[in-house]
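One chain is shown next in structure tokens, namely the form predicted alone.
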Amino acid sequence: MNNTTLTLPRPDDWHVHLRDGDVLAAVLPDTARHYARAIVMPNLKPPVTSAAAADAYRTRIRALLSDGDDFEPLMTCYLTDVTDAADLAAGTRDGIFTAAKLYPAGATTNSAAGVTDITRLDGVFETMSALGLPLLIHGEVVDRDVDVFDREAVFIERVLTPLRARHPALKIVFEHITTAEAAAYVSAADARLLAATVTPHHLMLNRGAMFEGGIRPHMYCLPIIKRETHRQALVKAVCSGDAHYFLGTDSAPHVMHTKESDCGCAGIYNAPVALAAYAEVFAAHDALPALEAFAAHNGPAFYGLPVNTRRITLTRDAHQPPPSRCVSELGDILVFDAPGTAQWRVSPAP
């Protein structure tokens, strides 16, 4: 292994949006090609709020896999103010649910049915604590008096800290963190109970990327990209090899006309290039060996799953540029233009 080559167990993506229907059919191969497992987000229309709906969604995903694919979708329950704890428990015991997802109502794409008052779910969280079922959190407040760039830091103070005090045994993933405050908060916690995913775009970009030469709608995501100081704090956290952090791309496909509208959708589609983007970040900070823990070990350890036995090799060499678009029946989806990713090749290890 050197700073241009790394062989590691096949990674998992612990946060991905696959959508449904024609978009699912178009984007699924990009995730199945690179990852053995993926935590699939439940914010469909309508959202996946029951074990039966999750099982049906998993069946639709599996039906689209090609022969020879060994990709396993891991399903999540979309929490609402009226989530049925008994159904959630039954879905967990039946091997349908791997986690449950908390969207504050109105925080991001298809979150209108999300939670309006987190204390209403204390009974659900007690059930999850007893089951060891992780809670995945989109960690932002949506109050109009809170600046969009401060939503994550305020969420820690107003919501996450009290939640953890009420439910000290609840396993939580603070998803797609974007701030130095979040990294410091996660790093100080017990890694068996609180972990975080970090996306490639939040490691590569600061908020200036949304305004280079004009408005760049394809760089708009939620949580929104923050200042350079926050990006540097995230890079330092993941490149340290800390067990609190693992790979979660938050790859979020939207067809181009919905991104480029007068009220564009939040989300960056990075599935085809995410592994290369992570490799570029770790290599640029002389931390490529730490990528193995981040991509292949820390996530399985938190979820109580085995590390994948198949292996891949990441090689930095002259390589053909990745596709700039993913074509779906509903329209083209622009792929994240991640700096330096064309230099990386992902291949099965011999």
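Start at 1 with the first residue shown and count on from there. Note that this is a predicted model, so its numbers are computed, not measured.
In what follows, reference is made to the form predicted together with a small molecule, a form of this protein that is not presented.
The contact residue chosen from Ala266, Ala112, Met210, Ala243 relative to the small molecule in the predicted complex is Ala266, the criterion being a non-hydrogen atom within 4.5 angstroms.
Contact with the small molecule in the predicted complex, judged by any heavy atom within 4.5 Å, is made by just one of Leu222, Ala89, Ile156, Leu135: Leu222. Residue contact with the small molecule in the predicted complex: Ser50 places no heavy atom within 4.5 Å of it. Using a 4.5 Å cutoff between non-hydrogen atoms, Leu102 does not count as a contact of the small molecule in the predicted complex. Though the partner is left out of this view, Val238 does not reach within 4.5 Å of the small molecule in the predicted complex, counting heavy atoms only. At the 4.5 Å threshold, heavy atoms of Asn43 reach the small molecule in the predicted complex. Contact with the small molecule in the predicted complex holds for all three of Thr108, His176 and Ala252, each having a heavy atom within 4.5 Å. With the small molecule left out of view, the stretch that reaches within 4.5 Å of it through heavy atoms in the predicted complex is, among 121 to 129, 89 to 97, 183 to 191, 266 to 274, 266 to 274.
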